[in-house]
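Below, in structure tokens: the form predicted alone, a single chain.
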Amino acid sequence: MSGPRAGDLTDIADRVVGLAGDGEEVEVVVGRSRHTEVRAYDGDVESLSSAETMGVGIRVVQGDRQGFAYAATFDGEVLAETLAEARDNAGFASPDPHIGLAEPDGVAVPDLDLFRPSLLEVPTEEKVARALELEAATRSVDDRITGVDSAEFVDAMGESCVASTTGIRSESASTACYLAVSCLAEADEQTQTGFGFSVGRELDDLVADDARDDAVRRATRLLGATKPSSTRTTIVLDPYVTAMVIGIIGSTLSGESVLKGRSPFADRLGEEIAAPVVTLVDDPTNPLAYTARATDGEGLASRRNALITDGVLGTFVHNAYTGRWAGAASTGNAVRGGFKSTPGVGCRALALAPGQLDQPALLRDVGEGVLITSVIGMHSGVNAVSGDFSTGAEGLRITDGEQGAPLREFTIASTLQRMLRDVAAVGADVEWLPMSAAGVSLVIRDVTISGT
């Protein structure tokens, strides 16, 4: 990949779409990507992987039946065979009255500056050096750091085109990269771990010292941690933890979850489901988001969707299929794992509208409580159907408005519904992470802490 070349991808897509027969709808997704991951350990390269993929996925809709097939090549003869295979698959599919391709909805594709050609020119040796330097720097910054689990450099570059007989024709290209490190701190026969990130779209965006310092701070501040007494108290979620929580909340607002009765908010559209300070948006048009994209998985324009506004549930997210099923429209939330899959539906770049105070100011307002710095078993401990929330955690006691004694081996328990209603404040400290949700400090009242 030498740079954005979406034009040739569009030519391929147009040729396949042109082979559509009478009475059938055809969607073609053409993609090309490259991914590199370097992991350093103990002063050496533990693993190095670099892969380039390209291919075409073809969906055929015949009446109320859908077929899909893909090929990892741009060869014309193979693509004609793949189209024939998709047609055959449609003949064996179960009828579904909601099946159909996305259609243009008049929303303009945003002009997002997401592609950095310079990232394509970075030699592998430089990527390896960045990972090795991060590991060495993390080991040397504090005597209590006794090991580095891993130090990683990761980058990804991709471009795609979606075209269909229904009039969809869109292109997108993006780059992204990050540094990540996880380290061990030891003192008085106790070991704690910490992690840190630096995220960007090109090499010059990455600040290794930020990743290093965050990891060391997270690990060392938990040394000497004890198990707290069980109680109900105010908690403050660290930005990374908040990102994980709102990611789960976002999954409950997917049209598929709602239509299948697998969301605790399925029948609550237009109701107040959160405290008035909560505004949750899904905005893949924000270039600061790691997962920002100009179009969704069906080629519709990305757009900002306000899911919760001032505590009121405003919308669920849909792709063309769930929108048709719900009697609504797509919200530009088709997601797919590349050309090898059909589109699903989900949130793409979640973020809470920030408040006015940074974390230290929030802690001063809280006075007494617990700062939750990490959670264990989030996805197994949270039931996205019922909303039940119970997960292991580590953190720091909040005493007189300041970070206090470190705590470990306790559980925080509530429900997603109650946690949303009990949000007391949202921080101003937005953190963009290598995931589909941004982090921010979040104050939640009256949460059960189960320890001794």
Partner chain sequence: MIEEAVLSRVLSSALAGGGELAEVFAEDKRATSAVLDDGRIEQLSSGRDRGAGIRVISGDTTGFAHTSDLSEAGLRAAAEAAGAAARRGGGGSNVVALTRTEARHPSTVEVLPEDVAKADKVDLLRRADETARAADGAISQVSARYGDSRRRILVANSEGLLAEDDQVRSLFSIGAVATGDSGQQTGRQSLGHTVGFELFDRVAVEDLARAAADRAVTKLVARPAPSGEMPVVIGAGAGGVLFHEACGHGLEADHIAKGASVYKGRLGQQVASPLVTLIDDGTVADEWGCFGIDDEGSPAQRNVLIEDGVLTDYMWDLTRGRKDGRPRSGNGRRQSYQHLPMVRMTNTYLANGSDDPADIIAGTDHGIYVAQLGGGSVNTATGDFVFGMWEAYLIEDGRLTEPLREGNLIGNGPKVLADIEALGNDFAMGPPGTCGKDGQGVPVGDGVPTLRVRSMTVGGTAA
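Basically, rigid core = biggest C-alpha set you can superpose within 1.5 Å across the two forms. Residue numbers count along the first chain shown, from 1. Note that the structure is a prediction, hence the values are computed from the model and not measured.
If you look for the form predicted together with the partner chain, you will not find it shown, but the lines that follow are about it.
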Of the listed stretches (376-384, 167-175, 310-318, 111-119), which one has a non-hydrogen atom within 4.5 Å of the partner chain in the predicted complex?
376-384
In the predicted complex, Ser140 touching the partner chain (heavy atom, 4.5 Å):
no
Considering non-hydrogen atoms and a 4.5 Å limit, does the partner chain approach Asp400 in the predicted complex?
no
Quick check on Ala71: any heavy atom within 4.5 Å of the partner chain in the predicted complex?
yes
Please check if Leu48 has a heavy atom lying within 4.5 Å of any heavy atom of the partner chain in the predicted complex.
yes
In the predicted complex, the residue from Asp358, Glu272, Asp96, Asp105 that sits within 4.5 Å of the partner chain by heavy atoms:
Asp96
Contact with the partner chain in the predicted complex, heavy atom within 4.5 Å, among Asp214, Asp155, Asp283, Glu256 goes to Glu256
Heavy atoms within 4.5 Å of the partner chain in the predicted complex is the criterion; list the residues of 411-426 that meet it.
Thr411, Ala413, Ser414
Rigid core superposition, Asp400 Cα moves 2 angstroms or more between the shown form and the other one
no
C-alpha of Ile58: shift of 2 angstroms or more between the shown form and the other one, rigid core aligned?
yes
With a threshold of 2 Å on the C-alpha, tell me if Gly91 counts as moved between the shown form and the other one once the core is superposed.
yes
